[in-house]
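Coming up is one lone chain in structure tokens, specifically the form predicted alone.
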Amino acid sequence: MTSGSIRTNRAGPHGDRIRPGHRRTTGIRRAVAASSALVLALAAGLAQAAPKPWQLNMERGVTTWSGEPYFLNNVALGVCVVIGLLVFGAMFIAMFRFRKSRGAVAEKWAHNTTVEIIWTAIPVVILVVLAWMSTGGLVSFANTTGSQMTVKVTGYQWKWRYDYVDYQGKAVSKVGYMSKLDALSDKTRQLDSGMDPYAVKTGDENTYLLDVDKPLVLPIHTKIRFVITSDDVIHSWWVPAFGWKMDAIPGLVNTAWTNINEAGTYRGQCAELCGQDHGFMPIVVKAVSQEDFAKWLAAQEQASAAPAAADGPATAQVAPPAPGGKG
């Protein structure tokens, strides 16, 4: 007798004895059918998910790597759903179909070695597979070799600084700027401002507390390495469309990379509680074509070189980089 066997003495409507095996098999089939239907429905919803209000799933992302965490999240969610359905399904079947009031009599046994081995081995296999998949994704994310561009990101209370280090094998000369909350959002957020947050828009998109004065301009189809640090407290640089976030820690440099596939504007925020104005530290990335980025970068380098030439060599060494434009 296996551990799942339950003996019942209940008779059928015509006095015939109801076989426990038949009842159990029918219940299991129904549970499996219901589980399969629900999993398929969830999978269909996940495939159609998009960034929008009331979205329930992760954003698929627009970078080469962002599909990794999206896929792993869906796999882990599917595993959890199936396990939950099987466990709670078995529990409810046992509670309602084989309850004492229906004449069920429980078997008296303590252990079944075969069943215990099975329900120990299956979770171990599931965890090993998930760990293997996660490790593969993390290893690929940590590999910044072959980067075609480097950008230094520094967190401050409560703004970001972006410095362009190199691009396509050439050092970038003094192109860097601070990026902080845009003036309209900053004015609207003030106490008793009387301004409507829903009126803060960029086109048709509400960008209250999600826009900046100077976005980070990046080229598409380029492997970009980020070196991320902080000048005061711990921050976290997070753009959901990129599929990752990275802590900015004082005295420590973390690295990450991205390769954006689609031009557009992508928004994020600091994902670490960094002080009273933590909620007013947005991130905006403007992804443009490689040709447009090359023109924008050349203009920024020219603009930063002009003040240095006018002020002389001694002043040029201490002059701060000129702020970048929006591209």
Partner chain sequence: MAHEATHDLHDDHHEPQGFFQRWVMSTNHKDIGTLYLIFSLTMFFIGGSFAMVIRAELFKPGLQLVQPYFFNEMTTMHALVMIFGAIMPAFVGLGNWMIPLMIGAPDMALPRMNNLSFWILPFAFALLLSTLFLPGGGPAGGWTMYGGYIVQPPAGPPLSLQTGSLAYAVFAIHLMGISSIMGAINIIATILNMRAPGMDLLKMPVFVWSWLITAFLLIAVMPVLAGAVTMLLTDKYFGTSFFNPHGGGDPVLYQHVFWFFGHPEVYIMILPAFGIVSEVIPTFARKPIFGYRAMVYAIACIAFLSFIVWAHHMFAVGLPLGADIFFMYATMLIAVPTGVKVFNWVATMWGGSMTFETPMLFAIAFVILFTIGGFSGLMLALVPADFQYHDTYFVVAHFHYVLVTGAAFAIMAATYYWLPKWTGHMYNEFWGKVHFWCSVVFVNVLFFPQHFLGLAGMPRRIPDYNVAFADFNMMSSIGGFLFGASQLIFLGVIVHCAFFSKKKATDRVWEGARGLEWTLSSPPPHHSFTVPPVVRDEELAHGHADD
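Positions refer to the first chain, counted from 1. Not measured: the values here are computed from a predicted model. Between two forms, the rigid core is the largest collection of C-alphas that superpose within 1.5 Å.
As for the form predicted in complex with its partner chain, it is not shown, yet the points below apply to it.
Taken together, Asn73, Arg99 and Asn112 are fully in contact with its partner chain in the model of the complex: each brings a heavy atom within 4.5 Å. Proximity to its partner chain in the model of the complex, taken as heavy atoms within 4.5 Å, picks out 231-239 from the listed stretches 168-176, 212-220, 231-239, 147-155. The shortest heavy atom separation between Asp163 and its partner chain in the model of the complex exceeds 4.5 Å. Taking non-hydrogen atoms only, Lys295 never approaches its partner chain to within 4.5 angstroms in the model of the complex. Contact check for Phe226: every heavy atom lies farther than 4.5 Å from its partner chain in the model of the complex. Among residues of the shown chain, Gly279 is one whose heavy atoms approach its partner chain to within 4.5 Å in the model of the complex.
Proximity to its partner chain in the model of the complex, defined as a heavy atom within 4.5 Å, holds among Thr265, Asn261, Ser289, Asn57 only for Asn57. Contact annotation for 129-152: residues with any non-hydrogen atom within 4.5 angstroms of its partner chain in the model of the complex are Leu130, Ala131, Ser134, Thr135, Gly137, Leu138, Val139, Phe141, Ala142, listed in sequence order.
Annotation: Cα of Phe141 displaced by less than 2 Å between the shown form and the other one, core superposition.
Taking the rigid core as fixed, one finds a CA shift for Phe98 of 2 Å or more between the shown form and the other one. Once you line up the core between the shown form and the other one, the Cα of Asp232 stays within less than 2 Å of where it was.
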